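So this first bit is one chain, no partners, the form predicted alone, shown in structure tokens.
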Amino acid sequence: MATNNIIRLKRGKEESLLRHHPWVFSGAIVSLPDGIEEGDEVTVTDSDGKVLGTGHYQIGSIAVRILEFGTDSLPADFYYNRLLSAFILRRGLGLIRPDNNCFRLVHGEGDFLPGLVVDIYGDTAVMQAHSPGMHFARRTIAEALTRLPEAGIRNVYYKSDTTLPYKAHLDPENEYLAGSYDGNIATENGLLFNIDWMKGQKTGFFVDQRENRRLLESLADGRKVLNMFCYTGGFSVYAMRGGALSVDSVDSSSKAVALTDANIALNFPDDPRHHTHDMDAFRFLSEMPADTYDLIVLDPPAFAKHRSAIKNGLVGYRKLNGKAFEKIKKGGILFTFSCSQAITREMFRLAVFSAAAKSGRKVRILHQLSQPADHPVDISHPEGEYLKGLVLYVE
């Protein structure tokens, strides 16, 4: 047995681990070993002492995130090999091209690295730790990222000030663990974007909407487009390239509006088709005249970040989509999304359907959307699916 702290489970509580679900809940543990600390590498056993796997310990409902099943220690160069496997997958998906150099390299449990997110923007990797264990391993991970063959990663920016559990009292510092700042413009499907990984939301850009933005581009020709909660203006830029007659981008954040303007200028300088609005989304939808837009995008921030907020979140989705159904032009197309992990696909769909029924409009589903392939879902961990979307035709 390795020298890791040993966590023994109550009888019958090993079933989920035998199915390779990577979470150990605190209620399944007999007792914690003396001296265990947040982020420690631990060995988990069943009630009889049989080794189930090795992972990181943390305080909270999810007490252990398993990194390797069936072993009492991590293999040599564990992080490098997992990162290499993730990179090979992205390369095989065709995401690494001259016209596309931004993608997600590590999607937590979906890449068998629970508690870690890494997004790539050109030669810069932006890393976020969601567990103390990954925080303590950050320098090993950064060094491994720069060693990946053909990845060309020179800079690694660590940004975990808002993602680590506050109870851990880690006080992480956002910093470059390798390299330094040397520009922040990345290319997605041939379009240019300013990526604000230092002060922007998440890692600076929502790469999870890449394929959905491309779908919108294919439907934008000749339409008047409204992009609500625009943030970086990703959908707006794609709509412009798709031949939209006009594009209005709305966000309550003045910084987001400025970033959208900058991204439009990068790709379509002095193009009179685009306008931004620094305004609350619900107010904008309420005050805008009906029949102004025939393509609307609703991509709000998570309305329900925790299970306790599900009820209020669903009310928000019904209200938001109801306004869009009320105002969209006949024959219009609505892209509507939820990124709330606590909201299931069925819950979201029912909320949108309820809004459609109340509006009295005839609505048909054209597409059912999800996160792209560089945000994979471990088949043993369905909780990894978080992005839900519908493309609707409104008569």
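Predicted model, so just to flag it, every value in this text is computed and none were measured. Heads up: residue numbers just count along the shown sequence, starting at 1.
Absent from the display: the form predicted in complex with S-adenosyl-L-homocysteine. The rest refers to it.
- Contact check for Asp251: a non-hydrogen atom falls within 4.5 Å of S-adenosyl-L-homocysteine in the predicted complex.
- Contact check for Tyr231: a non-hydrogen atom falls within 4.5 Å of S-adenosyl-L-homocysteine in the predicted complex.
- S-adenosyl-L-homocysteine is not drawn, but in the predicted complex it has no heavy atom within 4.5 Å of Tyr238.
- In the predicted complex, S-adenosyl-L-homocysteine lies within 4.5 Å of some heavy atom of Gln209.
- Just one listed stretch, out of 137-145, 201-209, 71-79, 321-329, contacts S-adenosyl-L-homocysteine in the predicted complex at the 4.5 Å heavy atom level, and that stretch is 201-209.
- Put simply, of Pro269, Gly94, Pro289, Pro301 only one has a heavy atom within 4.5 Å of S-adenosyl-L-homocysteine in the predicted complex, and it is Pro301.
- This chain appears without its partner; in the predicted complex, the one residue of Ala256, Ala151, Met127, Leu285 with a heavy atom within 4.5 Å of S-adenosyl-L-homocysteine is Ala256.
- Residue Arg213 is the only one in 212-228 with at least one heavy atom within 4.5 Å of S-adenosyl-L-homocysteine in the predicted complex.
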